[in-house]
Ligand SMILES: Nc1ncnc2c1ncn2[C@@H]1O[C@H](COP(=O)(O)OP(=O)(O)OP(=O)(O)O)[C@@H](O)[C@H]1O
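As structure tokens, one chain now follows by itself in the form predicted alone.
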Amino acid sequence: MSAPLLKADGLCKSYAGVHAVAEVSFSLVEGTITAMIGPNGSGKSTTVDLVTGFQAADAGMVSLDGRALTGLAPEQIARSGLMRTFQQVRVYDTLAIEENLLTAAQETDGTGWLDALLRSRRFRAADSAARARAAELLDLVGLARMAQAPAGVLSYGQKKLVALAGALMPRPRLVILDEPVAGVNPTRVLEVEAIIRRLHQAGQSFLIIEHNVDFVMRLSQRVIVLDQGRKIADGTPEEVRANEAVLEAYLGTEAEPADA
């Protein structure tokens, strides 16, 4: 069996004595799509925050390809090869769509303000590579013709595509997508699914946090289920669909249509 790309072991997080995440452990193999599902308040987003450094775990360890991530700042984790998107889409409305992607690249390209000021050789090389990468990704998500338009003119679903493209700019080892199709119409859901499939076929690894059960079951090779801060199931989509604990906690009562 392949060594895990991402490994989380015994993650815990409490707020005023309430366990938001309790002893959650899981691992992801490179080149796969893994989903994490569960009812509202099950601990999914908190778990992602712990993995990506946006919150400090009370206990537990996280590693990427054998390198410890525990205690690192979010930007350090991003530079290590783990990128993420957020439930609430984050784009710069007043910047051009292309500039949004170039800004994302600057956070991980290794250049500094002095490089930019002097337009050093390193800066020029990084800028050229970032513009080529941005053009490639905007073509992938169907926004190439709007590259110079301000991001503020985009629909909510299109902004999610920009956020996805931004996360892909530094060619990360793993991308965590936090509710990539929440609030998105059914046509856009299928578009996002097709984009993720193309990226996966090219070797990109994903962890997808989503409420849209049909979406993740179609896409994923493996599904992790949380309930009340604890992992209650971990297996193939078929195994998870047949799991009685999952049916009781989530699938039996929480499943929603794709455009909910």
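The shown structure was predicted, so the numbers you read here are calculated from the model rather than taken from an experiment. Note that residue numbering begins at 1 and tracks the sequence as displayed.
One more form of this protein exists, namely the form predicted in complex with this ligand; it is left out here, but the text below deals with it.
Comparing 33-41, 230-238, 58-66, 194-202 against this ligand in the model of the complex, the single stretch with non-hydrogen atoms within 4.5 angstroms of it is 33-41. With a 4.5 Å cutoff on heavy atoms, T46 counts as touching this ligand in the model of the complex. The closest non-hydrogen atom of S120 lies beyond 4.5 Å of this ligand in the model of the complex. Although the partner is absent here, V246 lies well away from this ligand in the model of the complex, with no heavy atom inside 4.5 Å. Contact between E179 and this ligand in the model of the complex is found at the 4.5 Å heavy atom cutoff. Across the proposed site, L82, Y156 and K160 without exception lack any heavy atom within 4.5 Å of this ligand in the model of the complex.
Site annotation in the model of the complex: the residue of T103, N185, Q76, Q87 reaching within 4.5 Å of this ligand with a heavy atom is Q87.
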